[in-house]
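The chain below stands alone and is given as structure tokens, in the form predicted alone.
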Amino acid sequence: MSNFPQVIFALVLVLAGFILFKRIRFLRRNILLGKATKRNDEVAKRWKTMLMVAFGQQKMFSKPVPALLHALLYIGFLVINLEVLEFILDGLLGTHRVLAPYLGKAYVVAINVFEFLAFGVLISCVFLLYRRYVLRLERFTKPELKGWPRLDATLILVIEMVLMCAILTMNAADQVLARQAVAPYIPLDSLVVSSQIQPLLQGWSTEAVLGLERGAWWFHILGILGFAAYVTYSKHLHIFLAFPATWYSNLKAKGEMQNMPEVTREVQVMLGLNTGQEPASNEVGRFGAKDINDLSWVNLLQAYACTECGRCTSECPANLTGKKLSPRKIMMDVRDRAEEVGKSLDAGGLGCEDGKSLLGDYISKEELNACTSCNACVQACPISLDPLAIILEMRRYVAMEESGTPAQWNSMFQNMETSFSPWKFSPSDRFNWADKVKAEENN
């Protein structure tokens, strides 16, 4: 029976691993529902961008206060989880603080660092909840955040606070037991943060303190494993996907729009500029995007990486002037549609052929038409996600497949086709104004 806790822990670990494996496989399949695209150019620049933007949080610091709070959470998440490795070893081996004898005084320093970061995470979570529910920043009150998205953001902060309290409580009880010479607990000199909790345990029996320590230990590690699984269903999936999403981000100049390969190929054939890249068949593919399978897999990856912070929407000129467009909602809609299609496929359903589509059932033409293509959303995003790329692909479908653009746009398109400008006058008259200015100067 002495090995019973280890067996239970091993079973829990295997169960958590299985859940994570299934969910990761589901996410990978959903992302690969998108069209193939190559984003492997400028490798050195991509690595630098990922390290600076995703790892270094470079773009977060345009707003120092939330950047500092996020940095505490981020660093705390990275560093404190190193201690989880020891938790797993202890759980499997039936030991207690298995690394302490090997690290000596460095172990005490490490635990103190973990505790300071845990306290920092607690403070950050309190302030972030204050910003959401007391200050009620406008970007946290938009319609797309009602219901589950709002609850999800709150749950993440509350769970992190509870987990940090658990680890500090565990350390406090651990040291009370060490002073009582209860095996196998060992004294760690002074733990600055958890030592403030120890007076609350005065008068407790040894059995009660032991129960508290073991309960906090199990609560923390089970909470960590449960949190890891929960994150894959949450907007906080960006913790992991921010890195590949940033690596595969668009490195071209913000004002450069990507041409449609299908159109480029057809124009090259018409002009006799084709270099042997004939289409595989006479059938022309769909222009633009109606559903997620018309978008690229990079678009879907970025949709899953969105943290719903709303910085894109808060900078969007269309949204600021009261129009329906919200770049954050665009990313959320793409992700929600991918989830719907994925679940349909897993259930033996029709997937993208279920009679619904991203255009119409999730994103309206009104939203697409409101976009000014200014790239403010891309610039504002902390991890350089690109809602504009999705909007442009969907708007191309509306224009080229449905001829559904506003009448004023059609007039502009026709003028550009015939007169090479949005205005209806002969190209030969384009510089008449300059001749007039020159004549006035000569006079």
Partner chain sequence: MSTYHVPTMAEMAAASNTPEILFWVGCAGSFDERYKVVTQAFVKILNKVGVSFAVLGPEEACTGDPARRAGNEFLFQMQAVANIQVMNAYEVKKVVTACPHCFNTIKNEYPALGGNYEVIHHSQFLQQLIHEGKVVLQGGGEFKGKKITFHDSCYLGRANEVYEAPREVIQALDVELVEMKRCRSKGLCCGAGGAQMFKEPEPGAKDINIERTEEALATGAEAIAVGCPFCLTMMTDGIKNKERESDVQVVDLAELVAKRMGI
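We call the rigid core whatever largest set of C-alpha positions still superposes within 1.5 Å between the two forms. Predicted, not measured: the structure shown is a model, and the values here were computed from it. Positions refer to the first chain, counted from 1.
Unshown form predicted in complex with its partner chain; subsequent notes refer to it.
Of the candidate stretches 313 to 321, 216 to 224, 73 to 81, 150 to 158, only 313 to 321 has residues whose heavy atoms lie within 4.5 Å of its partner chain in the predicted bound form. Contact check for T37: every heavy atom lies farther than 4.5 Å from its partner chain in the predicted bound form. Using a 4.5 Å cutoff between non-hydrogen atoms, F18 does not count as a contact of its partner chain in the predicted bound form. The shortest heavy atom separation between W409 and its partner chain in the predicted bound form is within 4.5 Å. Remark: L271 counts among the residues lining its partner chain in the predicted bound form, judged by a heavy atom distance of 4.5 Å or less. When its partner chain is considered in the predicted bound form, only one residue from R286, R136, K254, K343 comes within 4.5 Å through any heavy atom, namely K254.
None of D361, E366, D189, E353 but one reaches within 4.5 angstroms of its partner chain in the predicted bound form through a heavy atom, and that residue is E366. Contacts between 428 to 442 and its partner chain, taken as any heavy atom within 4.5 Å in the predicted bound form, involve D429, R430, F431, W433, A434, K436, V437, K438, A439, E440, E441, N442. Core-superposed comparison between the shown form and the other one: the C-alpha position of Q180 differs by less than 2 Å. For F420, the Cα coordinates differ by 2 angstroms or more between the shown form and the other one after the core has been superposed.
Core-superposed comparison between the shown form and the other one: the C-alpha position of R25 differs by less than 2 Å.
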